[in-house]
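One protein chain, two forms: both are listed below as structure tokens, the first as structure 1 and the second as structure 2.
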Structure 1
Amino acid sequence: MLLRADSISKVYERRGREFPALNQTDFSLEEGCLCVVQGRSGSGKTTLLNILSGILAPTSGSVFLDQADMYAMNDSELSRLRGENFGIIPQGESAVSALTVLENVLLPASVFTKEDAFIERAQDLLDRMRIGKLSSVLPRELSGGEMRRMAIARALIRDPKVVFADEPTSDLDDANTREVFGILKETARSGKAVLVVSHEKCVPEYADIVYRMEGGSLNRCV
């Protein structure tokens, strides 16, 4: 397994009371797999994604990328692991408005390396997403579907092992929703592990594995 979680949980405390967001959960994800987690708002699915992607430390349990215990690392080590191995497509609009499409895609490449080395790859990704001719425009000139394809290109710029997407089609119409899921399916088939949190009804057409999250508990559907 490329990504594995053993008995992870998350409990928040407020005014002396505990609020469980994620019950003890085991999870694994392989290369070449598109996995989707569905569930109502507040069910714990985004909490699960944030823990698996190294953004939110679990209250208990461990997460491994290959053999690396992510939450046994210090902040610097974990930040580097995320930057070198994970691509994240956040919910909603996440572009920097003052930067061009190409500059937005290059942002993750500028953290640990010189982004100049990634310019050709960034343009190739934009071409694959069919927005190559828009590389020099600002995000405000993009449609919703184009904005989401830019976010996917940005997530792939460092050739990550795992791609995480949090409701990547929440504000898109049916045609753009299917296009985005088609791209994510293609991304998984290229050898990436892809984990998507989504409420879309068309998920079974694209997903290799579907889970349902209810009340902080994860159950496999397909």
Structure 2
Amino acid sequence: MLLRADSISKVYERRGREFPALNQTDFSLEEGCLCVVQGRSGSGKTTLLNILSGILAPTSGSVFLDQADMYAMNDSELSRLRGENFGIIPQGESAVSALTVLENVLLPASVFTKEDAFIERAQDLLDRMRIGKLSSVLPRELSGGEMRRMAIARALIRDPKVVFADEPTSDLDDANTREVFGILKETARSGKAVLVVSHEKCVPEYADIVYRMEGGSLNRCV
């Protein structure tokens, strides 16, 4: 088991009142598996994904990567774990505006190491995403789909163990959506664990496992 969550829950505070966004949940994710979480807006999908990807501490419960208890770590340890093991595609636009497309992709590789060894890989990934020619362009000149593909390339640059994608196709047309899912599927086939939050109808064609989030509770459908 690569990633495991033991009875995690999240209670937000809203104007002094508690709001349970995620009920006690167990979850696990294995290498080579493309797992999709579906559900209505506000049902708690991003909350779950953030907790699993080391971005949001749960109110209760623990998350383990291999054997490491992520939320028992201090900030720099957890940051490092996130940078080295996770490829994260946040919900919405996530480009760093002052960096070119290539630099955006190299960014995760430059936080802890020299990025030189990754330049070729970055260019390869951009070519695979069919935005190789745009590598020296600033993000504000990209279309929504190109921006998305840049975010995918960036998530894959360090060859992460787990890829998290929060609605990676929300602003894409059908063809682009299928392309993105194709890439994510391929990523899973190459031995990575992939967790995707998505509403797309085509999901069943690609997903190995499908969950449905409803009012903070996670139920397996497929």
Ligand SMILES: Nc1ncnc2c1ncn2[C@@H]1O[C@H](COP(=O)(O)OP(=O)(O)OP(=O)(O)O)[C@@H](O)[C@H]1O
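All of these numbers come straight from a predicted model, not from anything done at the bench. Please note that residue numbering is based on structure 1, beginning with 1 at the start of its sequence. Between two forms, the rigid core is defined as the largest C-alpha subset superposing within 1.5 Å.
Identity of the form predicted in complex with this ligand, given as 1 or 2: Structure 2, which is the form predicted in complex with this ligand, differs in this respect from structure 1.
Align on the rigid core first; then say whether the Cα of Val96 has moved by at least 2 Å between structures 1 and 2. Yes, the C-alpha moves 2 Å or more.
Under a superposition restricted to the rigid core, does Leu78 display a Cα displacement of 2 angstroms or more between structures 1 and 2? No.
Can you read me the CA shift for Gly144 between structures 1 and 2, rigid core superposed, in Å? Displacement of the C-alpha, rigid core superposed: 2.7 Å.
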